[in-house]
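Let's start with one chain on its own, the form predicted on its own, as structure tokens.
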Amino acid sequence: MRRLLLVSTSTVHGTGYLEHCAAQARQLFSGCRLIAFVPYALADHDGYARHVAERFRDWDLELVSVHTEKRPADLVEKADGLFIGGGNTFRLVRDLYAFELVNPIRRRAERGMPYMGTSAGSNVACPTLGTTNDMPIVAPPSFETLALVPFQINPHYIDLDSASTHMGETRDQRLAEYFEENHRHVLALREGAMLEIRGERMTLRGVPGGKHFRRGANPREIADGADLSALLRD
């Protein structure tokens, strides 16, 4: 039974770190004691881990970063839950492969270990990193990621501003390019939105909502509370 919380961002304007998703995170990790943290999306692993551990202490949870272990996979195996934070998705995926964490994380999450991701941590729960917004600052050995869900996520989704004079690509144009070469559905999550997955049920949470993009169709608005369970079977 999958227990996933896939969040667009770790911080929403006007709130503290993970504050906007604290209720959902605490519910996800209810009954857990030890949480394994994957810091590889940022370069400063020690500083990142300290920052995240402070928030998790507020929830009476012990957080230990995998980068402090001689064998990171051992921590994944013994932890009660897992959190993968945001940063650069390409760097995160490179190190998930380098430290042989892809299969251990996938195996434990598929067996029901609570998994929380924000931004890059949500990207890697998808089949590939193909809908990240990040620059390819490093080259991972593969674009394939954890495949805990069968669709793609585009975090930090920004709507088209018709009053803007910016002439660069919009997010919708970038996603249209994705569908020129790919077919998987994409859930674009605005800041403050997240996906709660419990077994075969998936619900979108967060007032900002998001959009459901699919090849050959106009995007569909998805609102807070929407039942998206059908996408887990598509």
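Just so you know, these numbers come straight off a predicted model, no measurement behind them. Sequential numbering from 1, following the sequence displayed.
This next part talks about the form predicted in complex with another copy of the chain, which is not shown.
- Here the marked residues 23, 29 and 214 all miss another copy of the chain in the model of the complex; none has a heavy atom within 4.5 angstroms.
- With another copy of the chain omitted here, the record of contacts in the model of the complex names 130-138 of 76-84, 130-138, 109-117, 96-104, defined by a heavy atom within 4.5 Å.
- At least one heavy atom of residue 169 is located within 4.5 Å of another copy of the chain in the model of the complex.
- Another copy of the chain is not drawn, but in the model of the complex it has no heavy atom within 4.5 Å of residue 34.
- Although the partner is absent here, residue 203 lies well away from another copy of the chain in the model of the complex, with no heavy atom inside 4.5 Å.
- Taking the partner from elsewhere, residue 69 is found to have every heavy atom lying beyond 4.5 Å of another copy of the chain in the model of the complex.
- Listed residues 62, 58, 46, 177 were compared with another copy of the chain in the model of the complex; 177 is the one with a heavy atom within 4.5 Å.
- Contacts between stretch 183-208 and another copy of the chain, counted in the model of the complex as any heavy atom lying within 4.5 Å, involve 191 alone.
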